[in-house]
Every structure is written in structure tokens, then in C-alpha cells.
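Encoded as C-alpha cells, the following chain is the form predicted alone, with no partner shown.
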């Protein structure tokens, strides 16, 4: 059976090159017995360090975001080409914190995906609702995010591969007991899968890995994998601590 995929989004929790290097080298050793495929997403300043430290291993490196612009007068932006030159082969797009803090619109997310595709980067597209509506309105939020990101040309984007990460915003930062229930997660995965099939065609939609992000740790990873019908995880704060992260990898067994 295919290994689960675990994407480690370090956010701003890892700040120094020496810390990032120590983590990456330790992870390389521990992955010899791990039961998951791993993608590390450090901050842009740490990409060269992590890329060099993981060279020759199965660990892949991702940018945490990217600019929709390919070049030109855009101070502070980091393009897909720049990420690739720094050692990234993957990139996270549409994370809830980028949508909130950087006010990234649906149009910006779509443009970022297209830019990443042109550079040959694998995209981790994040979707998720801010709150769960008893009437089910949150499903419309997810559908809208998927359509905006992938409709009209999405099949072309999928040629370079895309992963969808479902991250309910209301679950981020809570303890594992307050995270999404496996039955609710499975329902959402089925819904996302149906939308992907409607947007991209069934033959493409059924093959796209769907990850879960939102208060993941070793205490709930196994249950979510077994009962949530997901392909793996997008891990935030817990991924910045080598012991916590490798424990998640250890229990990632279907």
C-alpha cells in the first residue's frame, strides 16, 4: 500500500539555519524506518539550507507560498522560479493564514497555481472553512475554493500534479480532541473528491491525494488516517519539533 504523505509546514517556528539543518539531518536518519513520505516546507530564507541538508534522501522541499508574479517590480515577492532555484520542488498555495493575513483572493490563489505549474512545482492546494455551519453552508465554501482554483484549465495544471489539503480553520491550534471527527472528515473527503471529479473529470479527480491539516499529532493521526479516508497530513506547529514530528510519522500506518 502507498505510504501516507506528510507535509511539514514550519511556518515561522523554525528561524535559524543551524536549527533547520540539525532538524533535516536528524530526519534523514529517522526516515530509514518511517512509514510516510515527507515534504518539508521551511521559510524561504531556509530553503537552501534544508535543500542541501536533505540532498540524496527521499525528503522533498516546499515553499510555504509564492508570488503570482513571475518577475518584475514586486518588492518582497518570491516567484516560483526563485523557489525552484533555492531547492524547492513543491509549494503550498492558498493556506488559510495567507488568505487571512496577506488577504490573498481566490484569483490570487489561481494565479499562484498557474505560476507554480509553469515552473514545474508540485502544488499543495489548501481549502477549508472558517466555521462549521449546522445547515451545511461550509460545503459551499469548499466547493467555491476548488472551482476558483482549478476550473477552466485545471486538467493542464494537474499534468504536473496537485495535492489538496483540507484544513478547517476552526480546528487549527486546538488540541487533538477538538480537531475534526474522523466521520466528519470522511464526509468532507468524499465531498472534495466529488467536486474534483466534477471539475477535472473522474479519471483525474480520483487520483488526487487529499490531506488533512488542523491540530494533528501522534494521538489522533492513526485514527484520522484509518477512518478519515485521507492520504496523509499537512502538519503545522508539531512539525517544527523533531520528536513530535517523527512520532507522527511513526504512527502513520494504515
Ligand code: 13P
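Positions refer to the first chain, counted from 1. Not measured: the values here are computed from a predicted model.
The next section is about a form of this same protein that is not shown, the form predicted together with 1,3-dihydroxyacetonephosphate (13P).
- 216 is the sole member of 216, 196, 39, 47 with a non-hydrogen atom within 4.5 Å of 1,3-dihydroxyacetonephosphate (13P) in the model of the complex.
- Interface residue among 142, 157, 172, 86 relative to 1,3-dihydroxyacetonephosphate (13P) in the model of the complex, by the heavy atom within 4.5 Å criterion: 172.
- Within 4.5 Å of some heavy atom of 1,3-dihydroxyacetonephosphate (13P) in the model of the complex lies at least one heavy atom of residue 234.
- Taking the partner from the other structure, 1,3-dihydroxyacetonephosphate (13P) in the model of the complex has a heavy atom within 4.5 Å of a heavy atom of residue 95.
- Although the partner is absent here, residue 21 is not a contact residue: none of its heavy atoms lies within 4.5 angstroms of 1,3-dihydroxyacetonephosphate (13P) in the model of the complex.
- Residues placing heavy atoms within 4.5 Å of 1,3-dihydroxyacetonephosphate (13P) in the model of the complex fall in a single listed stretch, namely 208 to 216, out of 47 to 55, 181 to 189, 65 to 73, 208 to 216.
- Residues from 184 to 207 do not approach 1,3-dihydroxyacetonephosphate (13P) in the model of the complex: none has a non-hydrogen atom within 4.5 Å of it.
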